[in-house]
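We begin with a single chain expressed as structure tokens, specifically the form predicted on its own.
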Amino acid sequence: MTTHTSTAPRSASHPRGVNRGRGLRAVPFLVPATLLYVYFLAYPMVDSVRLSFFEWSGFRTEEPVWVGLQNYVRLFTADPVFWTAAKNSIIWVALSLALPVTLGLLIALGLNRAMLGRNTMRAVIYLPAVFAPITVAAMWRWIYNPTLGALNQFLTAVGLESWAQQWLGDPTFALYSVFAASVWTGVGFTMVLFLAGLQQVPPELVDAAKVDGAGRWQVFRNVTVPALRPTTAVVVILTIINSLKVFDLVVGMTGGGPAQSTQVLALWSYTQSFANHTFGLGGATATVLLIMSLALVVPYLVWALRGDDR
């Protein structure tokens, strides 16, 4: 009995020592990645916030001049393009949460069952997600070409000539035309995330619900949706972040035109800094974009984590 009692504390403390040793051995592998993250991501973000309080053209021959909050005052009171860009960014986020997320979930549900050619269909739907955004922009510019584009040619062929439009040249349609390309390239990634989440749905719960007489809708609402809560949180957060920072598609398809109708905050921040040489206003726009991202993501993340704790 004495021998057993004396060896118990050593055996209990052994795992803690092993874990501590493993953690120390991981440090050398984490340091390079941490340094790269700080240098290429964290530092530029902090420096952009700093520049928002200065007036600077970006040339080394000129020193930044401290102006305090004047850049933000100019942004909110004397820059009509900023409000257009902010409105378009909000519209983009709302549409992204409504369409690609919903379509991705529906496609994932359809392709989560046994059927002929299931893997091929998954690959085909996911394929656009691997294309570079600027490549997608070039493809869709050709599709939307008013004279030779595939869309207007198709509408003419089926007798709907009146529906043919200047899809990227009309301020009424331009933003939504660019967004359609975003849906095409983004729905596959959302589908893959939901497919991964559906694999975690306990089949015994589904079988038990069916035994109790639950229909497909009841199983989906009471079993599948709660089980997909962590996946949905990831999808929503990634969708919000990617929507707010959309840049490549807009640059490649419209450049923010016509008449700034497709301007978004990320592109306007770039334009202010590198085209207009007003890095202070560009930094202020980027800071507003950062605040918007945190204001949308953090409350939802807190709500999702509280739901998991319950």
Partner chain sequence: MTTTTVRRRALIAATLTGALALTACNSGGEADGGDDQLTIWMLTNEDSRVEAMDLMTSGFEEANPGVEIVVEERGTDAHKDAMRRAAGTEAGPDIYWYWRGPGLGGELVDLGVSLDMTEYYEEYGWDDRFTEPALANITQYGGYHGVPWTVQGQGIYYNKELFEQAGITDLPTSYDELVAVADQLAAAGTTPMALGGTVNWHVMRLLDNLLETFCGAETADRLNTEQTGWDSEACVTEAFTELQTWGDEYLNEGYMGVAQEDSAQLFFQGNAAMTIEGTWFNQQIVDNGMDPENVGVFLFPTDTNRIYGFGEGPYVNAMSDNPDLAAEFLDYITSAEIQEQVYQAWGAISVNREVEADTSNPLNSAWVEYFANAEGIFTNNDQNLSLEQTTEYWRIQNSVLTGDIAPEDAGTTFQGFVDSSS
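Positions refer to the first chain, counted from 1. Fair warning: this is a prediction, and the values are worked out from it, not measured in the lab.
The discussion below concerns the form predicted in complex with the partner chain, not included here.
In the predicted complex, the partner chain sits within 4.5 Å of a heavy atom belonging to T147. Although the partner is absent here, P28 is a contact residue: one of its heavy atoms lies within 4.5 angstroms of the partner chain in the predicted complex. In the predicted complex, at least one heavy atom of L168 sits within 4.5 Å of the partner chain. In the predicted complex, at least one heavy atom of L35 sits within 4.5 Å of a heavy atom of the partner chain. Residues of 173-202 placing a heavy atom within 4.5 Å of the partner chain in the predicted complex: none.
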